[in-house]
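In the block that follows, a single chain appears as structure tokens, in the form predicted alone.
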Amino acid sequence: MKKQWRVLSIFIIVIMVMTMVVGCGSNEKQTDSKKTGDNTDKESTSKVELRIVTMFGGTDPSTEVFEQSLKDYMDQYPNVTIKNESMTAVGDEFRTKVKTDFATGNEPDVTFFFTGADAVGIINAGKVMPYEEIWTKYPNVGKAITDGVKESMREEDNKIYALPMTGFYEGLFVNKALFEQHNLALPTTWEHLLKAVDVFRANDIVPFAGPIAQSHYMIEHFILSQAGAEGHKDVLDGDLPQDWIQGLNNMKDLYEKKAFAADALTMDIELAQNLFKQEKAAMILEGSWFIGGCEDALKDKMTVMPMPVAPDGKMDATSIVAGYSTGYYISRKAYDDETKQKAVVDLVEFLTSADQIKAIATANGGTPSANVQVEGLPALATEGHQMAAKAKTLNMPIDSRLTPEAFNYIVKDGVPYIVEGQRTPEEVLKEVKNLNQ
């Protein structure tokens, strides 16, 4: 009996060992199969081509940084190829391209574009994604951007469609070395400004590098200096604002005093910038992005300040034009495409990371949308940030409230004729009001 039990025990042990061996083999096979499956998944990851359009192209100071960012992204995601169609936003060509692309169903997968009035058409047409919908599935997109900045990006329907990289400020950039050379006080008051115009003109220096036919920044500041922050926000839905009329007349007065270059009527923005950069002009109204395009030696000679208050003007002396008015949009078409959705979201998440925001802010001198410390800023950029910090009011530009057609009418069909005395501000603003309805 004992012998039989011994034989039976050995038989049971043999069966158990065989079962374990087979089981282990089965697990190994399962593990191998899983490994094989993972590799297969990686190897079979579909190739994706994304198309992106931004204003980080051409002469924009952020171009080099942005192009390197795209290379870094493609190194990290080798299955993704990016077709970069970025171009500078100077002039109307960029706006026209983006709007035409969206209107014809040829929208880019990712677009870095303006907010406000410029974006109303593509938002109302349902062409771009609200981030609230994206965040339900991809909560980390734009995570580095501070909550306050995100809130400032809400459109009229209370949704966020664009994630910004840097904010901006605009102001009067001054070659303080030229002012010192001619014993002039900096143009912190209108009287100082007029004195500087007289002295510089007498010494063959252009007082203002102002492109009359592309006078976007000049319109903003001459109206702000006369109308103040509240008047600057007028959307022309009532009586014609007298302060806007006076602001445009102030520009005409300076034109008649020969405050601008002799060819200012035909000069574009880039030529005006070059006039200042070559130190042939003493002042220019520009934005924080202008700093990145200036040589270091010139930056050391420059400072930036608010536009001086016009005579009887309502502006607080610290008020400036500033804010966040651009950001990354994701097209509805790309997001709804299952083969692109993850890639396009990853790309925007990468481009709006803290490191990328810091890199762009370093390049263009703008105010970063994330809580990052930008090292090595020139003193000029620091002065700009301080100017923005001291400002009692920061207004978004007029063209964020008027329709593009209405604002461009002031630029192209208004100011050049007003300064020449061929049209009155009242005539121009009446037409602008009609276009803005």
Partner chain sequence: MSFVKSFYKTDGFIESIFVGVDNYKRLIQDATIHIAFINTFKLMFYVCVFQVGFGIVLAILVDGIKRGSKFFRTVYFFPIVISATAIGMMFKLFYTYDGGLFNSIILMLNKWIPWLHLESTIWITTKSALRMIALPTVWQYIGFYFVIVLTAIKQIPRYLYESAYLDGINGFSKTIYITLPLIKNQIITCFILAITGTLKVFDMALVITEGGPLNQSQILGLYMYQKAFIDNRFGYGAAISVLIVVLGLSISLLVNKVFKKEDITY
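Residue numbers count along the first chain shown, from 1. Owing to the predicted nature of the structure, the values given are computational and were not obtained by experimental measurement.
Form predicted in complex with its partner chain: not shown, discussed below.
Interface residue among T339, N124, T136, N158, judged by heavy atoms within 4.5 Å of its partner chain in the predicted bound form: N124.
Just one of T146, Q278, N106, N183 comes within 4.5 Å of its partner chain in the predicted bound form, counting any heavy atom, and that one is Q278. Partner proximity in the predicted bound form, defined as non-hydrogen atoms within 4.5 angstroms of its partner chain, places exactly one of 136 to 144, 258 to 266, 166 to 174, 349 to 357 at the interface: 258 to 266.
Although the partner is absent here, S319 sits far enough away that none of its heavy atoms falls within 4.5 Å of its partner chain in the predicted bound form. A residue is said to contact a partner when one of its heavy atoms sits within 4.5 Å of a partner heavy atom; K99 meets this definition for its partner chain in the predicted bound form. Its partner chain is not shown here, and in the predicted bound form it never comes within 4.5 Å of any heavy atom of S86. Of the heavy atoms in D92, some are within 4.5 Å of its partner chain in the predicted bound form.
Every member of the trio L271, P404 and D413 reaches its partner chain in the predicted bound form with some non-hydrogen atom inside 4.5 Å. Contact annotation for 198 to 218: a single residue, Q214, has a non-hydrogen atom within 4.5 angstroms of its partner chain in the predicted bound form.
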